[in-house]
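Single chain ahead, by itself, as structure tokens, in the form predicted alone.
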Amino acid sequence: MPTEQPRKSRHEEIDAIVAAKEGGVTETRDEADKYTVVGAATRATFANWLTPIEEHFVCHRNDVPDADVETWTVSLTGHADGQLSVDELKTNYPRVGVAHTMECAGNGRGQHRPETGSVQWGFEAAGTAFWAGVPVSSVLRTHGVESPDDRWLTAVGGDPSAGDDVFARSIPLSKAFDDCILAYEMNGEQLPEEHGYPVRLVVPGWYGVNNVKWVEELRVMDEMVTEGSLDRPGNHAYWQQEAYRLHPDGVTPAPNESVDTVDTWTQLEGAVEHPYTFDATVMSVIGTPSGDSPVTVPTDETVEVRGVAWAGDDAVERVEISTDGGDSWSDADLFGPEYAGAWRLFRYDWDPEPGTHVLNSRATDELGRRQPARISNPDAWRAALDDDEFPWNAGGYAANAYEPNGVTVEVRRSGDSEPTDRIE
């Protein structure tokens, strides 16, 4: 069974990733000392639409496999049958690109009080990239799977486990047919090892855990993965049926073969007893000003507040900005690229008075669901939603409260005696 045991090799991986990304990321605190986790080093990452590979977060539990692209294969099993090399994927199928905002389901876990889980993310575990590869639907149709038929697709990673478990995640086959790809490129470059080389499942708009790295098997099933449902030794269902589910402290979620909705927010409102983390909840982050240094503003000029907002499968309808710690709000403008499953840029022209200001952003999706203000205490659970709170949960998943992501900014006008950085 998977356990939270320290993994010495993770430190070597983290050091190598941070060095390769040239300071664009920084290590994130992991209380279990097991996960390879680095996140965006500065807020500037969230002031731009495209996230460079050098600034894109990384999160995984096992060692990066020593993959040989010449021998790596993806097996099709269950209601499909076949085996494909990476070269066959690249030459025998159409090549497409998708824009996808990848967010770790544990993003915001470090904002829970009391702390929960091991990896103490703030807001740094999110990024938007262009991923290129093969439509999953093309591969499956070629191998006899013509339609979803309410079935599920289980992706199995080829990362070596220290125990006898495998990393397996199931998504509805309808989602796989809709827009998922088997990616072998990221931002126009060969997929980096830490991002799943040589092939990764990309599930646009859904939490990173569903975007299985180092894919070695795709199994078409009548239900989600449950214990013993794969034709291989070891434990299969932990990462689907226990981990990455929202529940109060002291609860072990019961397994389900299927669920009627994969919308994480709808599940949280009561559709599923202990929700699964599938599509991302509505979220926003201010990228600039960063608050790292005072902002000097010339007389009669304004400051541009800029950031990003996303809502999983749903569109972002509105972003509001507060410059007084949430006492009042003004609408920001949405601009830039607009792709399903990817974040939108927002901006707001702010005419500040000198002094210290707390800036917040809150986004609302097309279904009218708005970021709550804070994370609740552990006793609130589902009732938290009625109090403008996100439910504290034992895994620290899917948190999207805006107050913990606020930024404190000191504003000065030109002519102040102390030197400052000027915002452009």
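Quick note: we count residues from 1 along the sequence shown, nothing fancier. Worth saying up front: this structure is predicted, and the values here are computed from it rather than measured.
The following text describes the form predicted in complex with a small molecule, which does not appear among the structures shown.
Selected contact from Gln111, Asn211, Thr296, Ser229, since only one has a non-hydrogen atom within 4.5 angstroms of the small molecule in the model of the complex: Checking each option against the small molecule in the model of the complex, the one that comes within 4.5 Å is Asn211.
Single option in Val136, Met102, Val319, Ile171 placed near the small molecule in the model of the complex, where near means a heavy atom within 4.5 Å: Partner contact (heavy atom, 4.5 Å) among the options: Met102.
Output flag, Trp265, Arg370 and Pro372 jointly within 4.5 Å of the small molecule in the model of the complex, heavy atom basis: No.
Stretch from 176-184, 337-345, 75-83, 193-201 whose residues place a heavy atom within 4.5 Å of the small molecule in the model of the complex: That would be 193-201.
In the model of the complex, His56 touching the small molecule (heavy atom, 4.5 Å): His56: yes, in contact with the small molecule in the model of the complex.
Close approach of Asp159 to the small molecule in the model of the complex, 4.5 Å, heavy atom: Output for Asp159 is yes: heavy atoms within 4.5 Å of the small molecule.
Any non-hydrogen atom of Trp350 within 4.5 angstroms of the small molecule in the model of the complex: No, no contact at 4.5 Å.
Interface membership of Arg61, the small molecule in the model of the complex, 4.5 Å heavy atom rule: Yes, Arg61 lies within 4.5 Å of the small molecule in the model of the complex.
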